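The chain below stands alone and is given in structure tokens; this is the form predicted alone.
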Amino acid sequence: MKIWLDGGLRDIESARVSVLDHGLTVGDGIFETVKATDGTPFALTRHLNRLTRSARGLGLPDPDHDEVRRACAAVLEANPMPLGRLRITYTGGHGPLGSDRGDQGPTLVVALGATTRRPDSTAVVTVPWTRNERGALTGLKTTSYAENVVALARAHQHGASEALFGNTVGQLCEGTGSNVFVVLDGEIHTPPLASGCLAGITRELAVEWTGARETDLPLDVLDRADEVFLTSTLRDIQAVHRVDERELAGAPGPVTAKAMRVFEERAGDDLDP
């Protein structure tokens, strides 16, 4: 297995990042996960644009898109596989043990792992912890993921693949690594970015391609929604057949099933929409 680290391909067994890298010591980093099918990344331009937005939000230098594209191409060529998770990680680089940054510049890592197509439906749980819609990192895809690790572990303990958060004012927000949509009276709704959710690339495409409405939704909308589905890079659109103890019989329902078909067709027509 080959990865890209700071300018070139390395064997994964010998690739090394400093133990004083700010991404490790204080979580000072950002990342993107990109789906790659038969060596071709999906929606890479949108992912790179979000990488830059996240970098600016943290005060990191803008990543060099040409370099990141070269790195992605090299890693994909070196590691052929039918379906892959391409991970771009960009950190504050070598720094002191405190929160101040060093002056050696950022670290760039691009790696690839094999994955499989997700099931058409899944189970989710809600968790008692909240997303802070007014936090310094809100809307940024950072490597500070410990909160998600804890929530996802709870989901797995309850036989689910995802955990859903509300925000500090009791509105539905997002999952640990997904955006959430609900169907009410035949219309698709999803929380707006102001709720504190991440501006997911698949979410963005789903809104564009299905006409979903961005709506402030109370967390308990999950108790009455006709259908619920998730979006993410590796899920695409995935129906939800259980929320906590509530079963949604027949998932994917008709609206979700149509959205899944539309997404698959549009994504197949344009690999960099």
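Since the model is a prediction, treat every value here as computed from it, not as a measurement. All residue numbers are counted from 1 along the displayed sequence.
Not on display, but discussed next: the form predicted together with a small molecule.
Using a 4.5 angstroms limit between non-hydrogen atoms, residue 129 is distant from the small molecule in the model of the complex.
Proximity of residue 231 to the small molecule in the model of the complex falls within the 4.5 Å heavy atom cutoff. In the model of the complex, the small molecule sits within 4.5 Å of a heavy atom of residue 201. A residue is said to contact a partner when one of its heavy atoms sits within 4.5 Å of a partner heavy atom; residue 171 fails this definition for the small molecule in the model of the complex, lying far away. Contact with the small molecule in the model of the complex, judged by any heavy atom within 4.5 Å, is made by just one of 179, 167, 161, 91: 179. Stretch 42-50 is the contacting one of 237-245, 42-50, 57-65, 217-225, since its residues have non-hydrogen atoms within 4.5 Å of the small molecule in the model of the complex. For the three marked residues, 189, 192 and 209, no heavy atom of any sits within 4.5 Å of the small molecule in the model of the complex.
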